[in-house]
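The form predicted on its own is given below as one chain in structure tokens.
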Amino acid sequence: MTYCLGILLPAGLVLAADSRSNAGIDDITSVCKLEIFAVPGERVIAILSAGNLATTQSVTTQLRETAGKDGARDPHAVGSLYEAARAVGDTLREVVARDGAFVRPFGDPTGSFIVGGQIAGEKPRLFQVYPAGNFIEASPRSNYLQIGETKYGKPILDRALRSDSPLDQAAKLALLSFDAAMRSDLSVAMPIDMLRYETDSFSAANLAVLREDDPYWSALRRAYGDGLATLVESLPPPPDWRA
């Protein structure tokens, strides 16, 4: 399994995915789940994927092979992020319709996606594509989307993420969300691919791959753990309820 997260803010987008792919207790691999299609100065579209790896890779590969060919699903030619999300959903349906009957005896053939980015003439947008191929869009009232192993990384976002959080603040919360997921779920693991996209930059240059020995990752986890311990110690003890 995996964990993918997208955050939508006035300042831009934070998009991150771990790399764990698990086909059994003795078959664990690391696979990039973040695909980027960029035309500098004109568009950046990022696609994050979770679910059946063969299915999700087939979807992103088909989209990559249409890039630059000016088709209806060409990520370099679609006129909006809505159209990009629709292209992902339509391609997913085709892949599942073709391969699903053969895969189902061995497991779930479906996948899910987060599609985020910006095309010139629009604000940054963020979508979640469901296994059925339909999708929803993030908004200021619900400004983050998750797929995969989501439950452990959700509480910190609900507590601390705001609709107007600065981009770097959101990036810290995203990484702490991944830290929480990895502490409680073995199906989520390093490295983490993270894109911090600034509104109207039309650049994917701020892309990082964080590995287990990354100095910032180590310092962030240590400082957060120490800070939580200090905070708990400072809280008042519970009263004597026997009274």
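So that there is no doubt, residue numbering starts at 1 and follows the sequence shown. Just so it is clear, the model here is predicted, and its values are computed rather than measured.
Omitted here: the form predicted in complex with another copy of the chain. The next part is about that form.
Heavy atoms of N134 never reach within 4.5 Å of another copy of the chain in the predicted bound form, leaving it off the interface.
Contact annotation: L220 falls within 4.5 Å of another copy of the chain in the predicted bound form, judged by heavy atom distances. Remark: R183 counts among the residues lining another copy of the chain in the predicted bound form, judged by a heavy atom distance of 4.5 Å or less. Although the partner is absent from this view, K123 stays clear of another copy of the chain in the predicted bound form, with no non-hydrogen atom inside 4.5 angstroms. Figure note: of the listed segments 165 to 173, 82 to 90, 110 to 118, 95 to 103, the one touching another copy of the chain in the predicted bound form, with heavy atoms no more than 4.5 Å away, is 165 to 173. Contacts to another copy of the chain in the predicted bound form (heavy atom within 4.5 Å) from stretch 191 to 211: M194, R196, E198, A205, N206, L207, A208, L210.
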